[in-house]
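Just one chain follows, in the form predicted alone, and it is written as structure tokens.
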Amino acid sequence: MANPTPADIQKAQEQLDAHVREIIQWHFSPETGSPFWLGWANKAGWDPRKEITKFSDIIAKFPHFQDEWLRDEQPEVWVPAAFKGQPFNIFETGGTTGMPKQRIGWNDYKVDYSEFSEKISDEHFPRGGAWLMVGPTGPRRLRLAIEHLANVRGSSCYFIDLDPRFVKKVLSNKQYDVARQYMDHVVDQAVTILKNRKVTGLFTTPKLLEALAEKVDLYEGGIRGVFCGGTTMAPQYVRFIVEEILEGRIGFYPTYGNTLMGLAASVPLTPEDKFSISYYPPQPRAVLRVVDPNQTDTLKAYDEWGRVELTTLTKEFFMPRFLERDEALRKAPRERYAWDGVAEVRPFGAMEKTIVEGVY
């Protein structure tokens, strides 16, 4: 697939700017907006509906979104007036210590994963073939999202639960034997399903995928596609997964996503990539920028490292300029994506300090 032309990039920018105007009108109008953003604008003393006409205005005029707002505020403050009275899902992220961040929602996860369904191949994820998710369920958006993705493709999904908060806690306490026991417990359950049920698609984390492949031949067990997310995947590790674990026979679909953004899909690997994975957000609903950590108004150049900044723009949730705890390489528009992407995502400051990632 050819890379986007300058005209394609210009058109995508115009679409983003039009979407920004619509979302700002929605969240800052009393008829449709949420108590939080209406109150914020009142305190700030300016009307975003008048002053925000394009995406670059958000960067110029909004401060960084504070994750404490999602921890400290009651969920109701985020309900847009247009959604009032409609029960919402509550999705959590983080929470290893203290109160987790919470994002409410209604249909955003269905929109994200329905769109993603068009990016995975029927050869690797046969329509009607069963899925298995080995990962965090509980209060996380991922569980409902994966089941929706399977359902969109005419499939049902089996689940093996994983509690990443527990794993991170025992690893932080250097209880490596406990972490290993828990990982074995999760993997054993997955092996049981694979041996007794016909499963063709698998969602899990890279480390669990590796552990699972040690116990069972995934291809012989029926797996044709692996949808993978949740952790650092350096190029040498990606090569190991593709060539050694999946033996070049199983489709590999790494993603970069979270409760606050949704889902950034990867572009298919080419020889030129040398196993470096690039991810592109679902613009205009979410925009990723790679910024200078010390001067966050400044974008890094293409193929330079910087901190990931996320802006989420849906009618359910507006989150401007949130600094993720991730760093990445900024990537130029590519193939079907006429906007920036990120590559080789890893925890922010990974080169300077030891990061506890657990089974992610």
Partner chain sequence: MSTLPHIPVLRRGRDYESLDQIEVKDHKTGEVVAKVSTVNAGIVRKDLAKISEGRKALNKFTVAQLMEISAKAGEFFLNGTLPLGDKGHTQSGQEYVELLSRTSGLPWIMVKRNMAKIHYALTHMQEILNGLSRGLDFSIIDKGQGEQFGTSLSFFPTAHALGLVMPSNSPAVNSLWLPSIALKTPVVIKPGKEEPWTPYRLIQAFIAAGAPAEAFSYYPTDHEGSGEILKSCGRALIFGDKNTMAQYANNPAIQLHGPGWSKFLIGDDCIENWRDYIDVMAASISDNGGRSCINASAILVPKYAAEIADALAQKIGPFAPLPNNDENAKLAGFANLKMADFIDTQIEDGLKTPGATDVTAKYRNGPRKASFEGGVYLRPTIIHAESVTHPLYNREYLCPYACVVQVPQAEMLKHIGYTLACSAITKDAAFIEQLYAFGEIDRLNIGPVSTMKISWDQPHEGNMFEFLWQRRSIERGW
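Residue numbers count along the first chain shown, from 1. Bear in mind the structure is a predicted one, so any value in this text is a computation, not a measurement.
Beyond what is shown, the protein has a form predicted in complex with its partner chain; the following relates to that form.
Worksheet item: Which one of E123, D184, E243, D217 is close to its partner chain in the predicted complex, taking close to mean a heavy atom within 4.5 Å?
Response: None of the other options qualify; the answer is E243.
Worksheet item: Given that its partner chain is left out here, which of Q74, Q86, Q236, S156 has a heavy atom within 4.5 Å of it in the predicted complex?
Response: The residue from Q74, Q86, Q236, S156 that makes the contact is Q236.
Worksheet item: Okay, which stretch from 220-228, 280-288, 162-170, 202-210 lines its partner chain in the predicted complex, with non-hydrogen atoms inside 4.5 Å?
Response: Contact-bearing stretch, as computed: 202-210.
Discussion item. Taking its partner chain as it sits in the predicted complex, is F275 in contact with it (heavy atom to heavy atom, 4.5 Å or less)?
Written reply: Judged by the heavy-atom cut-off of 4.5 Å, F275 is in contact with its partner chain in the predicted complex.
Discussion item. Would you classify E247 as touching its partner chain in the predicted complex, given a 4.5 Å non-hydrogen atom cut-off?
Written reply: Answer yes; at least one heavy atom of E247 falls within 4.5 Å of its partner chain in the predicted complex.
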